[in-house]
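A single chain comes next, written as structure tokens; it is the form predicted on its own.
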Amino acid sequence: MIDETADGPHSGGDMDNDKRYTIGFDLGGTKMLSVVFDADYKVIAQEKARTPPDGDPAVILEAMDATVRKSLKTAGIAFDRVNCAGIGVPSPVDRAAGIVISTPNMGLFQYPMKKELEAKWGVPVFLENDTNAGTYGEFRRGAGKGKKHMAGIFVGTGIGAGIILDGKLYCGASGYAGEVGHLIIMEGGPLCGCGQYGCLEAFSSRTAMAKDAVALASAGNMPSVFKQAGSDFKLYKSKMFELGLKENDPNVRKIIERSAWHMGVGMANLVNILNPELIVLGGGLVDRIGMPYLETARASMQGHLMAGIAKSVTVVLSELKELAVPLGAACIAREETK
């Protein structure tokens, strides 16, 4: 069992007792979440805000700053009592330099976010890819507590994953490890946003599910929960699929089952390569749908594995849900702070 109050694999040292609070931040493509944690990672306050859509790095940074300061105000805590901040971003990061490598939808390219935020806040800031941070959060404080080999897979607009090997976050030679969404599970399959064909993301992401719903509409089988979205797949949100499932709409159920079945194929590939003891499924879509998604994905995974290895891995839902990324980022920041 992991000692949850001790320094973790990123190792850091004792915090100043007067600086007992840590900021955990999840920067998403459409929304951001700032969470204030105490020394035991208890949530003291949290604030959400929309991510500015104009792709201006300065505007995004100002929105991040305002959201963090609002969360501190809600908590009744001054910035001089914060020891550090961890930021989860939807991009590979240069951890040593504190640079966001590329977030095309936000206009952040080779962006020195660490330097900019440290100038504003006066505390050490640490960046991590959001799915890595979410997986680390589950590993330290959630469904993966006590495990040594695990993966976290997060399903939303796209699909990302984090990997824990021998109790440590695995980032790969250049920081790109965990791109499970771009496993090719069908040669010549549908076009993925990355430019390749047949990626897992092209079958199992919420974007892929939305495109399936649009196809149903063109065939005259539009489920009632999708009427307002029409043919614009960008308007199809996770809550719509959740509602369609609750209404037992057979077309919505088929879309969800198709997504989850292909997810199981991707999970089987991951298990064959890494042999984790646990896979945590999370992200906005899975958090909404829950067990129906997990059960189909798990059955598909087991059907694509040898019997012996199938029994060695457990699949569970995220315990931390939307707190996974900010909590994981906060853990990494605190453990890295000397």
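Sequential numbering from 1, following the sequence displayed. This is a predicted model, so every value here is computed, not measured.
Beyond what is shown, the protein has a form predicted together with another copy of the chain; the following relates to that form.
Relative to another copy of the chain in the predicted complex, residues Tyr176, Gln196 and Ile273 are all within 4.5 Å by at least one heavy atom. The stretch among 45-53, 276-284, 23-31, 61-69 whose residues place heavy atoms within 4.5 Å of another copy of the chain in the predicted complex is 276-284. Scanning Leu245, Ala217, Met113, Val265 against another copy of the chain in the predicted complex with a 4.5 Å heavy atom cut-off leaves one residue, Val265.
Out of the listed residues His149, Arg141, Arg253, Arg95, His149 is the one that sits within 4.5 Å of another copy of the chain in the predicted complex by at least one heavy atom. Although the partner is absent from this view, Asp80 stays clear of another copy of the chain in the predicted complex, with no non-hydrogen atom inside 4.5 angstroms. In the predicted complex, another copy of the chain sits within 4.5 Å of a heavy atom belonging to Cys171.
Mapping the unseen interface onto this chain, Leu294 falls outside it, with no heavy atom inside 4.5 Å of another copy of the chain in the predicted complex. Using a 4.5 angstroms limit between non-hydrogen atoms, Trp261 touches another copy of the chain in the predicted complex. In the predicted complex, the residues of 301-331 lying within 4.5 Å of another copy of the chain by at least one heavy atom are, in order, Gly303, His304, Leu305, Met306, Gly308, Ile309, Ser312.
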